[in-house]
Structure formats: structure tokens, C-alpha cells
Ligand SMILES: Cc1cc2nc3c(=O)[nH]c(=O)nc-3n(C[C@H](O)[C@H](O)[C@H](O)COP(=O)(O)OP(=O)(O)OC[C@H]3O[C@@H](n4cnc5c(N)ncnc54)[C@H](O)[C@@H]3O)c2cc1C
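Below you'll find only one chain, the form predicted on its own, shown as C-alpha cells.
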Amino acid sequence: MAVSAPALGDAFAAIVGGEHLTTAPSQLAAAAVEGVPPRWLARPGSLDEVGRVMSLASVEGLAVAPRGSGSALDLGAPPARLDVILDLSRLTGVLEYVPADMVATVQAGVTLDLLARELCKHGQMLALDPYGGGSRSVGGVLATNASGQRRFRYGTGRDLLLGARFVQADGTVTWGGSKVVKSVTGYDIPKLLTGSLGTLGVIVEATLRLHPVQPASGSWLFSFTSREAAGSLAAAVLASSLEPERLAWLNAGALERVGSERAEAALAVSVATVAEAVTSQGALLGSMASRLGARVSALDEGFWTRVGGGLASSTVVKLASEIRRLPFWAGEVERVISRHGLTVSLVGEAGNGILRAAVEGSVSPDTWAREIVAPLREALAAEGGSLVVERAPLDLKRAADVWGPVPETALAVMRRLKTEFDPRGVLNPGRFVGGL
């Protein structure tokens, strides 16, 4: 028999403590996901409490949206339903850190800044630099597989997550990965959970591969009067023996936002290694860029934090293409968007073929779906690429599927996984690919 709402509130409060359960309408409205407010916001303080909240939600058929810092809740489709926000921000423990093995196990609510402060004591780092900065939580970064410019050298969270403890939709606590106590046979749990938007399980602890902080680094901005010249430098760098750490593409709009000198396009490059190699690689980069007519300026390390400011917009789309085609797609995005009176800032990961476009201006949902998203998505798909709407006003999200089409064979596998891990559809229903 279903429990009444007041009784459920009392039950959640009994688990997490009354001071950690939010029921005030104004606070719940502020915690809404895509305009859908929860009925409760629970902040468990332990693994046991997470499991008990999930168990109760499962028994009562409630929909749960996990969150860490809450900075990426606008990723994904609007929820089909929402009852409970499971806020993991109280889980901030660094549980185990073995510098000799360059491995750390942390709770999901640990922020990147907090973890960086611990790791730097031993000259190490978690090589993830997602847009949004160090206030983001480890669990949220993994659940969204968020990454930034360091992806070029170190990969994404999917590459750095060695093991995970997670709470299944029915409250069962499970391990997967390198520190296995109990695992779901046959699945690579860390890879399944990373990027699943919390639809398969709630990550509560993560065992992470670390990297040493390099003794020296240098960063430079190479500005050009044409996209083609910037693309030529990117291609030359990738074909050379240089070992850059980050390789960012910026268009005129993004350059203006980050306070750099105006140019048609620019390539920002960082090198991190021993001091002698930084000097020699910087000299070689400068020589290559000068031959292509670049203006060269040195960058401070803070540039790599500021570069995310180029994407400060309520509407951001992410394109994935072949690396060599990124300059073409940068021009194509500018052309398609500007003909509707909109402006666009582009920040690309030139070594990965990823291009993010921050769009400014007003457009009707129909125009957005039919004349911007659809033609870009169709043309990208013809080359094996994709387009995801990472952030947009609700009316634009409703007009165009934020994830885009997925091959039916792949979607069938994802449906089977969802059914196995979350048969009652408790976790983030409707927000992931294919309406999962």
C-alpha cells in the first residue's frame, strides 16, 4: 500500500535527519530540473543513508534525480517525472589516497578543488578540467563524463575511473572495477556508469587514476586572420613530434569573451613537461606558427580556466567530428547560426574533434529545430559525427531531441541495461538518450 506524502516526508527525514530534508516550496522550486520541481530534496550523509533513501523511493515508485554540485542539471532532456532530488554534497570524504600507486578513492560529493588541494601535497593531480571549474563534484563529473582541454592528453573520466561503488535503484550497494567486493558479472561497471547521467546507478565512491603534476609548463595563443591557417597549424602540431597537453580552438566570439586580442580564429596550446622541453617545444611551436602568419602571445595558466567563459550562455551545443574537419565545422556552425541573426562563440578541442558552440540571441523553437539543429546534425551524421544540445531553454529542448538519433541496435542494448539495472524506472526517468 502506498504511503501518504506526509508520511513519506517523515520517512525520508528519519533517514537523513530533518535538517537535511527540504520540503519548503520555494526551495524545491529553486531545485527544479528543467522546470520540474521535486517533492523532496534529501541530503544523505553516508552510504547507508543513500541506500535507504533509494530503497524507500524504489518501494514507493518515486522518481529520483541524483546531483552533486548541481552545476550540470541542465544536461539532458526534461524529466518524465521527478519526486526526489538526491543531493550528494555531504559526501566529501577522501577515503583512501596512496601516492605511491597514484590512486585515490573519494566520495562522490568531493569537489575537484578540494581533491586538487589534497593531491598537490604529493605533486599529483586528477587530470580532469571540465568546463564549470573546480566547484564541480567528482560524482557529477563522472556521471556526465564531463571533460575539458586536458582530455587531449589524459582522456575523460571514463579513462580515469578505475572502480566505483554505486547504489542501485533498489538501494543495493554494489562495487565494480579494480576494487571489487561484489560486482555485476559481465559488465565493466565504471565505463557503464560514466556518462550515464545517473540512470543506471548512483555513484557514491570513485577510485581514480592520478597523474604527476609536471615540473614546468608553458602556454601560447596563436592568432590568425583565417580559419584555414589556424587549421593548418593544428594539423601540423598533431603531425609533429610535439607533445602538447592542451590544444584549444577559439573563434572571434570566444576570443572576445576571454579577453584576448581579436582574430578570425586562434589556437591555444599548452606544453607541460621539464623546463628544457617546454622551452624547446615552445620555440618550435612559434616557428611553425610564424610560417603560417600567426601572431603569437604567451598565456598565463589562468587562461585555461577563463576559456570556459567563452561558453557562458544559456544555449550550448556540442559537435563531434573528425579531428581534421574541425575547422570546416567551425565555419559551418558560424554560417548556419549567423544567418538567423544569432551570434556564436566557439571553443574546440582541436586534438579531439570536439567543438562547443555558445549561441546568443533569440530564435523560435521551430527555427531552432528545423533550420539549425537538424541540418547540422544530418550533415555531421553523414561523416560519422554527432550533435548534442548540452544546454538550452526549455522550449528549444522540447523542439529538438537534445541527444539526437541513436542507431536502433545501440538503443536496444541501452534499453536492456536500463531494464536490468533499474526495472522500475526510478533513476532520472526520461532524461537520457532515447527517453531512458
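Residue indices: 1-based, along the sequence shown. Computed from a predicted structure; not experimentally measured.
We do not show the form predicted together with the named molecule, though everything after this point is about it.
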Does each of 23, 38 and 79 have at least one heavy atom within 4.5 Å of the named molecule in the predicted complex? no
Please determine, with the chain shown alone, which of 52-60, 39-47, 405-413, 385-393 has non-hydrogen atoms within 4.5 Å of the named molecule in the predicted complex. 385-393
As a check of understanding, the residue in 143, 350, 357, 269 with any heavy atom within 4.5 Å of the named molecule in the predicted complex should be identified as 143
Counting non-hydrogen atoms within 4.5 angstroms of the named molecule in the predicted complex, say which of 282, 171, 132, 293 makes the cut. 132
In the predicted complex, is there a heavy atom of the named molecule that lies within 4.5 Å of any heavy atom of residue 67, even though the partner is absent here? yes
Report whether the minimum heavy atom distance between residue 71 and the named molecule in the predicted complex is within 4.5 Å. yes
In the predicted complex, residue 207 touching the named molecule (heavy atom, 4.5 Å): no
Taking 4.5 angstroms as the cut-off for heavy atoms, does residue 246 touch the named molecule in the predicted complex? no
